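What follows is one chain in structure tokens, specifically the form predicted on its own.
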Amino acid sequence: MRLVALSRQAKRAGLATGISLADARARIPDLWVEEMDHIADAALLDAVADDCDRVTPIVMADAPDGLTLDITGCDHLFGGEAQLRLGLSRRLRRAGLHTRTVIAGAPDTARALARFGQVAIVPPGAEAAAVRTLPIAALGLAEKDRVAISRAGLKTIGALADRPSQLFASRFGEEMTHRLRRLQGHAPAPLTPRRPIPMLWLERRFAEPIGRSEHVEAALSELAQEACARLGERREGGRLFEACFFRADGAVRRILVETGRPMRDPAIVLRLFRERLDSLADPIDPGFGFDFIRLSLLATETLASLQSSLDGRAAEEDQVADLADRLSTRFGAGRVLRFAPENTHDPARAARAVPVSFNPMTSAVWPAPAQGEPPLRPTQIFDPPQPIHIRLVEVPDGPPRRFSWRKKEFDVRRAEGPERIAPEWWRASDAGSHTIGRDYYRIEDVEGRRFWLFRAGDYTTDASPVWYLHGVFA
């Protein structure tokens, strides 16, 4: 067992990371140690990252003990970069954390200086000069590569940067030269935020924390009005709204609202948030109060002004969509469904149930029936199709003249078909998909009831093909 993390007192006593626990106890017999808990460490890092969202919504995790914040365009809210860094450092120290914070123009530069350097703020364009004195370990290379470079007499980033990069690329690969360029700020570094980057966000900071529900709702209403005004200027509407409530003690609570169509009406947005808050099984606890509230739009779409049609259908559709959004917000998106068309000729897969807020990327549309013609597909389809007994039929391709279903006889008066539907060959191996062609018939009995039947098999190759009832027309 070895030491992986030390307090400042342990470092002053002469201990270092990597030494064995036995050696450490030999030096300090009453040494206090705890077994490393990776799960608890990850949870703590997530909690700190949530609290850092109050500085910027773009936070990247640098496990196991680091965070990278993109503060581009945010420093003016705190009085400049120096004040932002000072305020964040003080807040983390008050939480009992020992931290080092560095601001630089490149993320890899800031990360390396925070772990190996002494600089607090790097002036623009001075990244390469700021990292010259850092050790080779700042590159984050594999241990064998770091040892090989050190044995060559190169101890610092500056010594490595003064040599031709082709020599190291041929020996250690292009990845090492890319790391060096990113460390010097000469190449962009890939960043993966832990949360989606909002398309638009607005904030309210309070000198004194607020805790009363009416104050919170008033602040949220102001943010919704401002957000919808911004959307109107951009001719867009929001599809995914997120309200973040930051408590004074560092806890963060997020409320997500999704709409079925683009929205920029502040009254409707606020009503959806009320519905969501009322339906929470675990109500939001303000604790000592919220000192910061943010409203983020995670997804937006183009939204033209609503123009009422002469028959009022546009207004009715908007009211139905509003009702669907309210029901989805209160009961959950997975409990309020609608049918979406699928681009397939297989009647069993022609539609699927999706949440009303789901925005499919497919271009499939519902087929419009011909004027004056009955529908091609029934409104009710049985899954699985129900077998029927044929009493009289015209062979080889004629429709049935009499059949029984559910212990009742039906005499056919009119019939249309056959319509041959072959299986999708690329889905032939899927469970539940049919593997032979079907001949479908639309029929009407003497009492005016209409059915959709099909024959599985062929009288020319099979003496007794099987018939099924797949659906009934309304």
Partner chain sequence: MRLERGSSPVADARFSIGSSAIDAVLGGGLVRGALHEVFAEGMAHEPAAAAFAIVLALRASGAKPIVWVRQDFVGLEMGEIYAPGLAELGLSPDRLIMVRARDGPSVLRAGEEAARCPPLGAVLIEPWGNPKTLDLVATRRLALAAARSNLPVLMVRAGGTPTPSAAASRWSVRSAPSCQLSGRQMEADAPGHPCFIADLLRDRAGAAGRGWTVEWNRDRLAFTDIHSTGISGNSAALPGDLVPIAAGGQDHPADANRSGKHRRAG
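The term rigid core refers to the most C-alpha atoms you can superpose between the two forms while keeping them within 1.5 Å. Since the structure is predicted, the reported quantities are computational estimates derived from the model, not experimental observations. Positions refer to the first chain, counted from 1.
Heads up, the form predicted in complex with its partner chain isn't pictured, but that's what we're talking about next.
- Contact with its partner chain in the model of the complex, judged as any non-hydrogen atom within 4.5 angstroms, is confined among 191-199, 80-88, 270-278, 220-228 to 270-278.
- Taking the partner from the other structure, its partner chain in the model of the complex has a heavy atom within 4.5 Å of a heavy atom of residue 442.
- Its partner chain is not shown here, and in the model of the complex it never comes within 4.5 Å of any heavy atom of residue 170.
- Proximity of residue 351 to its partner chain in the model of the complex: non-hydrogen atoms within 4.5 Å are present.
- In the model of the complex, at least one heavy atom of residue 406 sits within 4.5 Å of a heavy atom of its partner chain.
- Taking 294, 326, 179, 264 one by one, only a single residue has any non-hydrogen atom within 4.5 Å of its partner chain in the model of the complex, and it is 326.
- A heavy atom within 4.5 Å of its partner chain in the model of the complex is found for exactly one of 302, 380, 343, 166: 380.
- Residues 401, 406, 413, 414, 415, 416, 417 of 390-424 are found to place at least one heavy atom within 4.5 Å of its partner chain in the model of the complex.
- Once the rigid core is overlaid between this form and the one not shown, residue 353 counts among the residues whose Cα shifts by 2 Å or more.
- Once the cores line up, the CA of residue 398 ends up 2 angstroms or more apart between this form and the one not shown.
- Taking the rigid core as fixed, one finds a CA shift for residue 188 smaller than 2 Å between this form and the one not shown.
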